[in-house]
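First, one chain by itself: the form predicted alone, in structure tokens.
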Amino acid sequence: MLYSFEIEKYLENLLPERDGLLQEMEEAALRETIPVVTPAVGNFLAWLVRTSKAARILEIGTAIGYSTIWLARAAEVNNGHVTTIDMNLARRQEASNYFDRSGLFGRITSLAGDARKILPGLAGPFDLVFIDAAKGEYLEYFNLVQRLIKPGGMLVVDNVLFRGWVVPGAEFEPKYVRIVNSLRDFLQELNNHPDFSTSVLPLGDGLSLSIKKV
């Protein structure tokens, strides 16, 4: 049975109530059809940061900064910092406004541009890398971030089940064939990579969690 919307809403209702800023961002994302992580995924990301004591965090795909704030709030306890990348200037401006209002602006560095061009110039290591950007480019991102993740560090990737369409035999519109095939290739590469240990969780639209082997 594929993970259902009803279960996702149930898990969301179990969470402590989000503060006004996060709720405002959730409403804006819904209204403007901006893809952001679900509250349950945001809470899980924050939990990962807190339990691993991650201080250097890299995010690929800022959107309006919803997941960035979840990550930065958790990292603040560790005196941590989030570097986030996005090429959509309008959404980066929205995110910047939210970062300013969150009081976390000094804990977030926002980089503008194509992550595939920016990543080769970044210096690691990062304790945690979170990918939530163009699904058809996940394998390219993975190949570029491997060197940036410290041994024992984590790679977390959102939307890897893509509405369940990655399952063989799933039916979907032809326009999604390239993305679905790309995600299947990415999951095969990730799960069989000798340097990473991976689990795929049916949380949100599918979340992969990988640990770089020491």
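Note that residue numbering follows the sequence shown and begins at 1. Keep in mind it's a predicted model, so treat the numbers as computed, not measured.
The form predicted together with a small molecule exists for this protein as well; it is not shown, and the discussion that follows is about that form.
Asks: Among 160, 184 and 207, does every residue place a heavy atom within 4.5 Å of the small molecule in the predicted complex?
Replies: The answer is no: none of the three residues contacts the partner (heavy atom, 4.5 Å cut-off).
Asks: Which of these stretches, 100-108, 121-129, 85-93, 72-80, has heavy atoms within 4.5 Å of the small molecule in the predicted complex?
Replies: That would be stretch 85-93.
Asks: Does at least one non-hydrogen atom of residue 134 fall within 4.5 angstroms of the small molecule in the predicted complex?
Replies: So residue 134 counts as contacting the small molecule.
Asks: Check whether residue 54 has any heavy atom within 4.5 Å of a heavy atom of the small molecule in the predicted complex, and answer yes or no.
Replies: Residue-level check for residue 54: no, no contact with the small molecule.
Asks: Under a 4.5 Å heavy atom criterion, is residue 141 part of the interface with the small molecule in the predicted complex?
Replies: Yes, residue 141 sits close enough to the small molecule in the predicted complex that at least one of its heavy atoms falls within 4.5 Å.
Asks: Does the small molecule come within 4.5 Å of any heavy atom of residue 145 in the predicted complex?
Replies: No, residue 145 sits far enough from the small molecule in the predicted complex that none of its heavy atoms falls within 4.5 Å.
Asks: Name the single residue among 37, 49, 155, 58 that comes within 4.5 Å of the small molecule in the predicted complex, judging by heavy atoms.
Replies: Selected option: 37.
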